[in-house]
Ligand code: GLU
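A single chain comes next, written as structure tokens; it is the form predicted alone.
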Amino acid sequence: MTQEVTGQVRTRYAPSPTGYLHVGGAWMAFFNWLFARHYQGQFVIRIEDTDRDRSTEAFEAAIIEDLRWLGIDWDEGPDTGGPYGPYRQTERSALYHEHAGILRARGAAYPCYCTREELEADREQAIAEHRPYRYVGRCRNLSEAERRQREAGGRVATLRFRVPEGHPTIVVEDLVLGRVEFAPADLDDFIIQRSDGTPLYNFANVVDDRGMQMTHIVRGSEHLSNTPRQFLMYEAFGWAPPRVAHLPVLLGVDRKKLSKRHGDTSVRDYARLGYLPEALVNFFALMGWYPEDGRELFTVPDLIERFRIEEMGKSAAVFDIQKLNWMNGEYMQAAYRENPDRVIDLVVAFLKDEHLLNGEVSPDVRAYVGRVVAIMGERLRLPGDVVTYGEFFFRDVAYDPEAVQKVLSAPGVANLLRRARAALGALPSWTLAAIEAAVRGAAAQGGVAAKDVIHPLRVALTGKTVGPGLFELIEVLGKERVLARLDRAIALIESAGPSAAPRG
């Protein structure tokens, strides 16, 4: 049974600035933020930058930027400060040394002088004996004289936490998973401080979470195995541990661990592709959280109001890129209704990235893009769909061979296109109503149904058999471009034949 949340809530997201923010990390940050905001608590950003070989200020800045782009804000952090700082682990070294000293003075930690070769030999022996590797306790009960002897020999100690002998079962009342029990006998004495004095993950987290007054730790279930070690350290310090909630593992649609091929790429890649932040956070919410009414589209205020950690699932959550694309389309349409320029800006940026627009975009070109966006309608789920479904608006026609064979190769098509070309060319005004009347009139004069002209016209102008409404796309393409494409299609049909038409 899941546990009820009461009292003050303080949560944190603690990224390592060793790369860009990926969707897995953003998903975790989002749930910490959502949890805090639902309970009117505080959300904190802490930078875990003790890996000095890989951590950079540039990655830290990028993570901060991407979180803000998603709409995730925080009450305390490295850029905003706060009463429990500093908020970078590299600036908290004195605290780690102080607390390591406390554990050592209490006998809860001890220096370990084992060399890498000795530990590796122990590991190989465990493998040979078909048993799990555990630290053998070689340095657990050394006398002061034995320690001095090792130090005199040039050995530099790490610091290990002493797992208490005979400790009762460690019980974790998880807000998502319910009651979870761990046997202390399954734990070995673990290193909490390297020989150079830098802290390891479990130790630094305990010191920081306590020092920053964290009340709830929301993290992925891959960290569940860290919990008993951390709870033992809380106990050794005489502190009450925070409440914990372990969220399900993220999987791809094939039920395998989430990776780049499933879409676990950087948040800024999604931004570059034109995904909207409100779509991403809505999508994040539904990976692991299952509201009782089955609703799928939520505004951020709705999410904050409706979220219940009791409704979090225990089984793995699935990252379904197709569902994200659908959701982005819904938000894209809503954004267009509210502010068309926002969507047009995204499409213009995409077209420039694809070198379909170059240099400064003139007002006329921007207006043209806006008209294309308007007739794309629900097809536009991502800015790139403007090319997927409307490439012909920005490039010369590339004929689909199947469309050519099915439509343009039919007898009499060249004459039908010539008649439509004449009707369209004679139009004094290029309006939707006039275009439709001209096309239908051309069909009537030729003694055929309107579809017998409409289908060849579509292929001649777009190279495809499906797409936006024909009369709308004719209007947007403009008279000059339409007549030129019809001339080309007619010439191809009458000479070498459309099947020989070049692509592009």
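Since the model is a prediction, treat every value here as computed from it, not as a measurement. Note that residue numbering begins at 1 and tracks the sequence as displayed.
Another form, the form predicted in complex with glutamic acid, is not on view; read the next lines as being about it.
Comment: 217-225 is the region of 304-312, 217-225, 273-281, 180-188 lying near glutamic acid in the model of the complex, near meaning a non-hydrogen atom within 4.5 Å. Scanning I493, V482, L21, A14 against glutamic acid in the model of the complex with a 4.5 Å heavy atom cut-off leaves one residue, A14.
The partner is absent here, but in the model of the complex a heavy atom of Y201, alone among Y201, Y368, Y331, F319, sits within 4.5 Å of glutamic acid. Though the partner is left out of this view, N205 does reach within 4.5 Å of glutamic acid in the model of the complex, counting heavy atoms only. At a distance threshold of 4.5 angstroms between non-hydrogen atoms, E48 is in contact with glutamic acid in the model of the complex.
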